[in-house]
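Next up is one chain by itself, shown in structure tokens, the form predicted on its own.
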Amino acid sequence: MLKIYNTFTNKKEEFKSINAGKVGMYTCGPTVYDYIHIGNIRSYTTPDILRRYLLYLGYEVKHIKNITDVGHLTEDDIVQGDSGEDKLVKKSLKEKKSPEEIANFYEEYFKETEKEMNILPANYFPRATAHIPQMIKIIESLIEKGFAYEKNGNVFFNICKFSEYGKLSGNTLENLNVCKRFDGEEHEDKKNQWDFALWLKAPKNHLMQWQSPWSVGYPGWHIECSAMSTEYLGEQIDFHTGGEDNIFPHHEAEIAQTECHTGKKWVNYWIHTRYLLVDSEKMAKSKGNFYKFEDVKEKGFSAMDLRMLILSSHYRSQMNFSWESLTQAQKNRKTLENFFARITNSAIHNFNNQQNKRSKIDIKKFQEQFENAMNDDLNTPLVLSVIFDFVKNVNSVLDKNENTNLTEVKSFFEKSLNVLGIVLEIKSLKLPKEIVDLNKENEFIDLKNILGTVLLGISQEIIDLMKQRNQARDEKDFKKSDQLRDEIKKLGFEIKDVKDGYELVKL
């Protein structure tokens, strides 16, 4: 049974979905005014692992990840983040492009980075600017119920009206010392410095503004997530994820406005990823230790190297990034890749007599260890330890030429890596001549089962071309054989003739 650490209760809790067999998950997505960095990538990897394991357990998961393209202001680290310039507008003016052009560029960059990192795409990526009517509706509800107030075209949520404010972060009304006196307000129209903006009146020449019942303006940052979450997932959801920097004030504000609007508990499980440090220091451009995905690739590392490093640290632990640790992660990835190539090639060469072999490997034991580690709050470092122990045991059996069912070994290995989101690429496969000549349907299906999960990109077309080439060589038609070899090459593979078969190499 999956137990997950809930930030709301500060303890591990057994997961029970609101609707049997279904899970609703919301992730705070990027503000698309700049490139995401490796800390952001780590934060987005956590919900991906959670989602993958829920799918493994048989749940149907609906995942929403918003795109913030308005309302996130530059001084978001001051009180409620209601002062400063809109981050997207500021970048728009700097680059002399429209806000939409800026948002489109950085949203595409974000999605391409997630794709390369093998982060499953969310079911929906709603944009804040496309949901202004939903935000206005919630704000009207909050004003009507007495939780919000308007002044000079600005609308604020009055935290003094919500006695449970602070129940996620611990920043309660008492601890913040509010609702007793009035001083140091962040915005002149606020009743209290900790009240937060739901709607802000736009300056005359502001690049992003909409008509509302209160003014021509734009929404506050916090209201956006409440509107998009309830629009796509309903009034109650299973999981809300994000980085620990979102806990306060962003997630605290989301809870206040959503629960006051609906009158219901909003989120059952809050999942937060801790900060990423670089060489034991906070990442910052001024320190020269601010790394984007491109910086990792320019050093010769792959997306899977970075993913291996992220998985080696528990999401609730403060991960320390260094080039030395990434180098070790790369070595670990290559170990898994070499093992994958070995068992795949062995399975191909022994595919005819796999079903009757009794395995020397207790796969059930490793599967239980894998699931126990995942059930313990997604303990990916322990999961990796289980997988490497499995690799060591299988390699030992293969070294001794002892019997083992390689199809089962390969199946467990691939399913485990799929939960972790690790993609391994085999650069070459050695294929016995008789495999290419197979005509029996049942044997051909077995071969497809072996090749179909190999992340080499072998298609049915390539298998067919190999069979045709083999036939041409048997008929001494070497001209046709060479033509077929060139066709295979156009598809990204080189076929080499080796003793007793062929070697297929990815170019």
Ligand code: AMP
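Values in this document were obtained by computation on a predicted structure and should not be read as measured data. Throughout, we count residues from 1 along the sequence that is shown.
Absent from the display: the form predicted together with adenosine monophosphate. The rest refers to it.
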property: Adenosine monophosphate contact in the predicted bound form: residue 31, any heavy atom under 4.5 Å; result: yes
property: Exercise: residue 242 in contact with adenosine monophosphate in the predicted bound form, heavy atom 4.5 Å; result: yes
property: Contact test in the predicted bound form: residue 45 vs adenosine monophosphate, heavy atoms, 4.5 Å; result: no
property: Contact label in the predicted bound form: residue 37 to adenosine monophosphate, heavy atom within 4.5 Å; result: yes
property: Listed residue (388, 105, 323, 275) with a non-hydrogen atom within 4.5 angstroms of adenosine monophosphate in the predicted bound form; result: 275
property: Contacting member of 400, 285, 96, 264, with respect to adenosine monophosphate in the predicted bound form [4.5 Å, heavy atom]; result: 285
property: Candidate stretches 136-144, 301-309, 111-119, 242-250 - the one whose heavy atoms come within 4.5 Å of adenosine monophosphate in the predicted bound form; result: 242-250
